[in-house]
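Take a look at this single chain in structure tokens; it is the form predicted alone.
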Amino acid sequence: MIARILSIGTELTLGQTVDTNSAWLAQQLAELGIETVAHATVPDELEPIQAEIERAARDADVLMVTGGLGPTQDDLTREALARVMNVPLDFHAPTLERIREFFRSRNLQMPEADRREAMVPRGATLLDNDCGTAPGLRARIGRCDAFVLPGVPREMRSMFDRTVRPVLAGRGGFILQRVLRTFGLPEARIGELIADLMQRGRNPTIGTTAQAAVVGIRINARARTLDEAAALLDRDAAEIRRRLGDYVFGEGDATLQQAVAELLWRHGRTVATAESCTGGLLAKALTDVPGSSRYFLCGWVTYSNAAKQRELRIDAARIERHGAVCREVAESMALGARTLSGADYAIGITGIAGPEGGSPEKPVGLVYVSLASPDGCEVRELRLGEYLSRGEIRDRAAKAALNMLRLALLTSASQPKAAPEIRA
């Protein structure tokens, strides 16, 4: 079975409101084995709404419509549906009484405009709204089963779960999805490593999406039974993990900080941070995870050279010789933070986030990330590029630091050693 999703609202077409309904509906339909082939968004105008409903009626098994069911003059979905069905709108007295009761229960007077919500295309079935006033609609148009739901996300989701999901369950088999999340490899390189798995016509289908330096690998498995779909999904997920190894850090909505937190908890390790250009972003990420007090000891934001010298005890001569953005200062920041905090691991970050401050020798986007651990101190140079914004450079630097710690935790089996001395 295939589906189309239609979102109605001038505020959507103008970009004033983000359409979250379509994404949610597509996910729910996929769980029911129904593939969404198109999303459309049209303004609150009769002809475009009618045209999209007619298009879906020609080539889709299911149409999901959201929006345009309210009480105002620009809510025209009922009228458009009635036109496509070639039927009149009928007044439905029980619906009006239910709407009146909705207002009475809240000690409110029902506006007369709400009478519009009791108008129903003849032959359509009403779908009860348990958390709002506007009922939904269901109509058969040729081969297409059309469901018209409110645009308010809370009302739409409740109505779908109660009245649409039971109708569609079991019709389309099963589509299961899993997303593997990776960091450290470009999307193009990942595409090369799993190219045969991404070939068109395969089941499961596999695709990649890059966002803020994290590459997600989407696996969609289709089968007649849930067990068959799960087996296909598990097979390809295992193969991708085998090929990409530790570049895969989690699944679904997992974040790098969550992956790091789990490893810190598992190994009973602690961490501290010393940041310059990221301004505390790394410490925030580490403490965004509930329960972070179990592993995060403290952090420093030493933005100025004086603060680096005073708070982390970095030798002024070192900064004078190499500048604040260099391997040596990054190393001293991590070592100083580990010594002063007593943490098992400490991370230092110094760099040029821009947009000013760069030079031919040290361009914007140059960042040094250091990790002091029981096994010594590692420093990595990042060239993030001047084409990134200040916020993007800071975000990617923090993610790179988290990933350094994650990989160290994955490979380290030794017990914590005494904190190394701060180097002059």
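Start at 1 and count along the sequence shown; that's the residue number. In this text, rigid core is short for the largest set of C-alphas that superpose within 1.5 Å between two forms. Everything numeric here is computed off the predicted structure, so don't read it as measured data.
Missing here is the form predicted in complex with a further copy of the same chain; even so, the following discussion is about that form.
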Exercise. Any chance Ala408 has a heavy atom within 4.5 Å of a further copy of the same chain in the model of the complex?
Worked result: no
Exercise. Even though a further copy of the same chain is not shown here, does Arg218 get within 4.5 Å of it in the model of the complex, heavy atoms only?
Worked result: yes
Exercise. Does Arg200 reach a further copy of the same chain in the model of the complex, with heavy atoms at most 4.5 Å apart?
Worked result: yes
Problem set entry | Gln27 within 4.5 Å of a further copy of the same chain in the model of the complex, heavy atoms | yes
Exercise. With the partner left out here, if you bring back a further copy of the same chain in the model of the complex, are Thr225, Arg242 and Gly376 all within 4.5 Å of it by some heavy atom?
Worked result: no
Problem set entry | Contacting member of Thr133, Thr287, Thr163, Gln258, with respect to a further copy of the same chain in the model of the complex [4.5 Å, heavy atom] | Thr287
For this session: Would you point out which of 139 to 147, 117 to 125, 69 to 77, 84 to 92 contains residues with a non-hydrogen atom within 4.5 Å of a further copy of the same chain in the model of the complex?
Result: 69 to 77
Exercise. Across 18 to 53, which residues bring a heavy atom to within 4.5 Å of a further copy of the same chain in the model of the complex?
Worked result: Val18, Asp19, Thr20, Ala23, Ala26, Gln27, Glu35, Thr36, Val37, Ala38, His39, Ala40, Thr41, Val42, Pro43, Asp44, Glu45, Glu52
For this session: Taking the rigid core as the superposition reference, indicate whether the CA of Glu112 shifts 2 angstroms or more between this form and the one not shown.
Result: yes
Exercise. Is the C-alpha displacement of Thr209 equal to or greater than 2 Å between this form and the one not shown once the rigid core has been superposed?
Worked result: no
For this session: Would you tell me if Cys131 moves between this form and the one not shown by 2 Å or more at its C-alpha, with the rigid core held superposed?
Result: yes
